[in-house]
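So this first bit is one chain, no partners, the form predicted on its own, shown in structure tokens.
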């Protein structure tokens, strides 16, 4: 009994200490200041376990249900590309200041870490405190699966293949977003002439 009381007292002190530290404002919440390694590891563990747990009952559609239609490219190019980039496109300038930094879809990092069902769940529900919005309220199930399938396919896609599909979809297809000119044209967030594509840290 005495041992149990000691454990409870220690836990109470730790919780009170953590609360007082948080209330003090000493912890730096600036996006320019990364979390401590311990904090980052804990958040990543919570995130990964949450995604795995909440996506486990989702039924993946058959092969025909994840066919890459042109409208999926239109949706991605008008929204997701701004933060995550695309073949031949770097993320826009504002995305460089986000913390955590959005992973670039062409790097293959996300595709290695999460399967298609888990990516679908992320696209549908978003992720708290990351800048990743939930697209479930504004997109139907077919579009959500299409975006997940497109994300999975992006590391093996060339800039030419990507731009072809975006152009085929038209400037206002799918989400109604207007699309910027591809790599080599003027505009922020893309390569200038003669530049080669590069990916920052994810």
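Owing to the predicted nature of the structure, the values given are computational and were not obtained by experimental measurement. Positions refer to the first chain, counted from 1.
Heads up, the form predicted in complex with a small molecule isn't pictured, but that's what we're talking about next.
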- Task: Decide if the three candidate residues 153, 157 and 166 all line the small molecule in the predicted bound form, where lining means a heavy atom within 4.5 Å.
- Result: no
- Task: Determine which one of 131-139, 157-165, 54-62, 30-38 lies within 4.5 Å of the small molecule in the predicted bound form, judging by heavy atom distances; exactly one does.
- Result: 131-139
- Message: My question is simply whether residue 47 lines the interface with the small molecule in the predicted bound form - judged by any non-hydrogen atom within 4.5 Å.
- Response: yes
- Item | Close approach of residue 114 to the small molecule in the predicted bound form, 4.5 Å, heavy atom | yes
- Query: residue 86: heavy atom within 4.5 Å of the small molecule in the predicted bound form?
  - Reply: no
- Query: Should residue 103 be classed as touching the small molecule in the predicted bound form when contacts are defined as heavy atoms within 4.5 Å?
  - Reply: yes
